[in-house]
Structures are given as structure tokens and as C-alpha cells.
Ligand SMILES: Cc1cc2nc3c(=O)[nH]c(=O)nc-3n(C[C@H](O)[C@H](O)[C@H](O)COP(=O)(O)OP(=O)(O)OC[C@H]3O[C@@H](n4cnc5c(N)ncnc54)[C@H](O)[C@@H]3O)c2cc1C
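Here's a solo chain for you in C-alpha cells, the form predicted alone.
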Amino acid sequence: MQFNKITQRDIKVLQSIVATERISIGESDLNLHSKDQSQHPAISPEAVIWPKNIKEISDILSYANSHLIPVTCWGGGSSLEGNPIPVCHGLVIDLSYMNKILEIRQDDFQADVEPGVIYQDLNHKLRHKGLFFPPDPGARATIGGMIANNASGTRTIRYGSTRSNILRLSVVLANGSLLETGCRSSKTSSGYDLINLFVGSEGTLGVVARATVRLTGLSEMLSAAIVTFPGLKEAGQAVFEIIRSGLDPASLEILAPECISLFNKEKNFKLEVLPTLFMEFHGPSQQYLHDTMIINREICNGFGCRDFRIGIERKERDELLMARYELSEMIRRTHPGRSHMVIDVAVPVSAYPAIISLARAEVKKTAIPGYVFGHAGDGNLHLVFMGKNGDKKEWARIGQINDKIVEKAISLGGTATGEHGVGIGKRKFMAMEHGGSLQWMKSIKQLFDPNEILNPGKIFLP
């Protein structure tokens, strides 16, 4: 598709849609919206616009569509696959001004929110009501961005990804029309499930302008454990058995020794530097949690567990959880002069020992700093490599390892991207993973966005 560049006349029309101060062609604003947290190169938009309501989004898209101006949405910029990078330049719609929590219906366990709401801010407001929004990607992500990427995180094993926690959406389509889909009922068997079409579509089908999210009750009782193993394979096998046993952990994270070493250095945790599982359980009573941990310990002992620490105080548990969230930042601080690439795949839980063993073996083969960890409970593996800036040989090697691990994950019945989305980096694997169904995805894209103005260059190879 041949797009048009934004002209001064276009700027004047857009200034009639939003206030003059809410559209910018300033270099600093363009630079801020040219790159996410991935290794993909920055690409600058031609203008940035900040709508405040659905009508403004509708008018912006209607104009852009009729004038063939590419449009990319921007949430918090925390993506890791280049998802919001405006690869065709054009216009970036920054939704940060649409950050209202519109209504909390605590008796229905629901909240209506605008797309710019940061999920931690929503949970901060909900905490006194005994409720929370479960998806937890760690970064200060907006709910609109979480919907676009189907974000998940540490609690996915119990509460599901973003997709499992969206009840209703208001979406502005490429031509400016408004589509409302879903309902406030906790379940429905009525018609096609358009919500699941938009969740994870990375802004390529429409712009989410409002969402009704599902809330969950906060558990008063929780218990956490830190469990160490002689090797990652044994830890991965324990993960499978814990899931198979039906113990229902709220989170089940795996950390390779290099991650534990970093925790000890930065946070002074004094943990044994071995493959480690961090697990958390929520329950109705201390007795329930006690009984759960007895079974859990027996399972872990069966796989050569070296240490099993339970009864972690809430403060220590919170510190460990915060360290897990900060792990990527710790890795970057430890390696100045290098940039990170995050390999993100997911496999069936039974295949987790195989994929994590492969990742660890690849790290050992190379001198490039690499860190293995992941949301083990749902088969999600992360491998962070720190490549030397400007070293083409190192980055080529990282690319080879990425391809090898992704191809292995797909061969095991898994996916090229567990939670970071397709964006730019995973486009080349779409045909391998989806086969003939990829053509149907392209047909859906053509139906909703015939001029291909919405986040062009993402999900599908040019």
C-alpha cells in the first residue's frame, strides 16, 4: 500500500479535531514515540496526536483513512517486539489522555475503563474493595496496550491472560465507525466472539476506546515457597508434576542460576545460586495452604529438590516478586554498552523441560551474556541475551539462537510468542506456526482495514 505523507494541511485539519496543544510535530515528541523497549531500530512518526474521547478517535481515523495516512496507536511504550513502532511513519495516536476509570461495579466484579488506564493504578484504586484486575505483565502497561498484545504475566496460570478478563469492548474501526461487542454477563453463547478477535490484534483491526474488564476477589490467605533444584531440567519436570497434581498455584516462576546470582548482587537476598522455582498459592484458609505445601514438597523432593523454603513472610514475598519484575532492568544495568533481546516462546507444560533445557544449552555454548527465566506454570519461556552494541557477529548469533528456539517451540506444539505479541520480530514465523489459517487472518485484516492504515507492517510480513 502506498501511503501519503502528512502535510501542513493535514495538521490544520487534525488541529480542528483536537486542541492545538494535543498534536505535535516537535522532534522530542516524535522521538519519544519512535521506539519501544525492544532492540528494533527507532522509526519516527510524522506527527503525534492525543485524543481525549471516542468522538475524537473516530474523526481522526476517518480523516486518516480517507487520506491514506498510516496510524499507529501508543500505550505505555513498554512492548518488546516493536509492536507500537510506526514503521510507515505517519500518525501516532497516543491514548495516555484517555485514562479514566469510568465505573467500578464491585457487585458484578467489573470495571469500565478507558484504554490509557495503567493497570497498577486500577488495582491501587481497587485494593480497598477487596478486588483486583489479574493480568500482571510487570511494566507500567496501559490496559489498552495489554488488550492489543494479550498481555499476561506471573498470575496467568491461575487467572488467565488479558483475553480471559475482558467482557466488553468499544472499538473504533479504520473508517471511524464504532463497533461495540461483548456484554456484561459473565458468559455468553451468542454469535461470533469478536472480543477475542481484537484482543491480541496489536491495533491492526481497530483502536480500543473503552473496555469492561473482569475483576477478581483478593485472597486474604497466601503462601509462597522458594525451591531450588540441581538442574533446570529437574525444575521443569517438577513444574509439570505440580500442574498435573491440580495444586492450582497462583504463580509459578522459574529462574536459572544467573538470575539468582543477579538477585543476590542487587538485592542482597543470599539465595543459593541454583535453578529456582518461586511459587505462590492463594486459598481460603491457612490449613488449606499448609496441606497444599505438604503435597508440593513431596513432588519437589521427587525431583531432587535441594532446598524448600515455605512460610515466607508477606514482606519477603513482595520483595522477591518485585525483584522478579525488575529482573530485565537489572540485566540491562549489569551490562553497559550492550542491548537486550528477549526471546519469548510458550509450549505445552509437558514440553517445558525440553524447551528450557535447550535454552540453557544455547546460553552455555556462547560467550554472550544470557539469562533464562519464565512463567513456568503456563509453559512460557524467556531468554534474554545482551548483545554488544554494534557487534554484527554477536547479533547474528543471537538471531540464530532465537530462530532455533522459536522453531523448536513450534515443533513441540507451542507458539512463537507467549505474551509479547508478533510485532516486527515474530512476523517471519507466522506462516510456520499458522499454516493455511494465516491467509484467513489476512482476509480479516482486509475486511476491517481495507486501506491497511492501522499499524501497518505488524503481524504480517510486507
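Not measured: the values here are computed from a predicted model. In this text, residue numbers run from 1 along the sequence as written.
Quick note: we don't show the form predicted in complex with the ligand, though the next part is all about it.
- Taking the partner from the other structure, the ligand in the predicted complex has no heavy atom within 4.5 Å of any heavy atom of H282.
- Taking non-hydrogen atoms only, E362 never approaches the ligand to within 4.5 angstroms in the predicted complex.
- Shown alone here, L80 lies within 4.5 Å of the ligand in the predicted complex, counting heavy atoms only.
- Looking at P137, you'd find a heavy atom of it within 4.5 angstroms of the ligand in the predicted complex.
- Note on contacts: among L252, A148, A235, I356, the single residue with a heavy atom within 4.5 Å of the ligand in the predicted complex is A148.
- Contact annotation: of the candidates V345, A211, C73, A376, the single residue with a non-hydrogen atom within 4.5 angstroms of the ligand in the predicted complex is C73.
- Exactly one of the stretches 413 to 421, 60 to 68, 22 to 30, 429 to 437 approaches the ligand in the predicted complex with heavy atoms within 4.5 Å, and it is 413 to 421.
- Scanning 184 to 215 for heavy atoms within 4.5 Å of the ligand in the predicted complex gives E202, G203, G206, V207, V208 in sequence order.
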